[in-house]
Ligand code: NAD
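Form predicted on its own, single chain, as structure tokens, below.
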């Protein structure tokens, strides 16, 4: 299989590329390195079944040229930081146009399969029960979530209009090796600067499911290989959640710190667009035959160790 991976030098994308290469696929990574890192894919650069293209999806003519003769597209490229949207809302326009350009390039080159990495943020602020894929209306409260929902709409419309098959995965909070941002990275950096005190945004009661990055890739590939509708939509996560304060406790513990004072900024959300609590209903992907191997708290501890011992 010849696979075109956008954002393949990023956190999740590079792990996906590792798996695709291990499974003997031919892989093309298309990445502008705005948030990805070339060192995440350096170990593949000399391989015969790997190609790296440093370029931007906003360049439609280049995308049309480079995407030719691929069997499937994995669209992972996007701004990875939910919080950034409050300072730079223009990221939504870039992400939406990038998705449109990619789909149009697929249409023009008669490529019939796309796998899209969406997000739990498309659900917005929701009632306190596990959310199924059928939940609605979908009213995101972050610019990031709005861009992901718009991209889902574009994928769906192109699939139905141009006889493309699509897989959409709504990720929980993905953490682990090669993570470059997010609460774990923030907490570690803060405690390195001041081992006695940890600032926690909001009230620390924010509670969400966390998914280990390698399991995220595993779930995505499982869904791609085993679901065969024209549009296949899955929540991808675990059935447990972790509070932000608990993450702080685990970070301090793994760093060998004691008597750390937690200082809360107050309010129920950490930043504009932060959804304080959500939980996935993952029955659909479980019934297909895939289940996350680790609970949310376990995943957090694993990811903390990864960040503390990062090679990059």
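What you see is a predicted model, and the numbers here were worked out from it, not measured in a lab. Positions refer to the first chain, counted from 1.
One more form of this protein, predicted in complex with this ligand, exists but is not displayed; see below.
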Legend entry - Stretch in contact, per heavy atom within 4.5 angstroms of this ligand in the predicted complex, of 197-205, 126-134, 221-229, 166-174: 166-174
Legend entry - this ligand: the contacting residue among 286, 32, 245, 51 in the predicted complex [heavy atom, 4.5 Å]: 32
Legend entry - Listed residue (67, 57, 275, 282) with a non-hydrogen atom within 4.5 angstroms of this ligand in the predicted complex: 57
Legend entry - Residue contact check: residue 180 to this ligand in the predicted complex, 4.5 Å heavy atom: yes
Inset, instruction - Report whether the minimum heavy atom distance between residue 290 and this ligand in the predicted complex is within 4.5 Å. - result: no
Inset, instruction - Examine residue 12 and determine whether its closest non-hydrogen atom to this ligand in the predicted complex is within 4.5 angstroms. - result: yes
Legend entry - this ligand contact at residue 36 in the predicted complex, heavy atom, 4.5 Å: yes
Legend entry - Sequence-ordered list of residues in 94-126 near this ligand in the predicted complex, where near means a heavy atom within 4.5 Å: 98, 117, 118, 119
